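The chain below stands alone, shown as structure tokens; this is the form predicted on its own.
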């Protein structure tokens, strides 16, 4: 049976600081530059979620978009309007770079979607700015 993909866009805002506590102030500033401010800095993130599956012959859908929205919104509410370093458990030991944020989001969304029959998370794209984004996708094993 043919596979179909569908993508949905979501938005959230969050702030973060690039900082490794086991490094000196000097090394943090050397590696992360202005992103080391103790006050952090924020972004209005745009998240694109792409799932695949087979089309249900009765509904004509691979997933009800309301269901996909509910699943993803429950995850991104953990990040929305948060200082990621302090307000979430995901970045206690991990620098909240765009790459790491995207990896965490992929893992959390994949965990929720994997419980559903016939649907597979294929890719997410996380925009930090209009000219900077990270893709995380399901690799072939």
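Residue numbers count along the first chain shown, from 1. The structure displayed is predicted, hence computed values, not measured ones.
Omitted from view is the form predicted in complex with another copy of the chain, to which the following refers.
Asker: Counting heavy atoms only and using a 4.5 Å cut-off, do 13, 80 and 86 all touch another copy of the chain in the predicted complex?
Answerer: Checked in the predicted complex: all three residues contact another copy of the chain.
Asker: Under a 4.5 Å heavy atom criterion, is residue 116 part of the interface with another copy of the chain in the predicted complex?
Answerer: Heavy-atom contact with another copy of the chain at 4.5 Å: absent for residue 116.
Asker: Within a 4.5 Å heavy atom cut-off, is residue 106 in contact with another copy of the chain in the predicted complex?
Answerer: Residue-level check for residue 106: yes, a contact with another copy of the chain.
Asker: Is residue 73 part of the interface with another copy of the chain in the predicted complex - any heavy atom within 4.5 Å?
Answerer: Outside the cut-off, so no.
Asker: So in the predicted complex, is another copy of the chain close enough to residue 99 to count as touching (4.5 Å, heavy atoms)?
Answerer: Residue 99: yes, in contact with another copy of the chain in the predicted complex.
Asker: Need the contact residues for 1-15: heavy atom within 4.5 Å of another copy of the chain in the predicted complex, sequence order, or none if there are none.
Answerer: If the 4.5 Å heavy-atom criterion is applied to another copy of the chain in the predicted complex, 1-15 yields 1, 2, 3, 4, 5, 6, 7, 8, 9, 11, 13, 14, 15.
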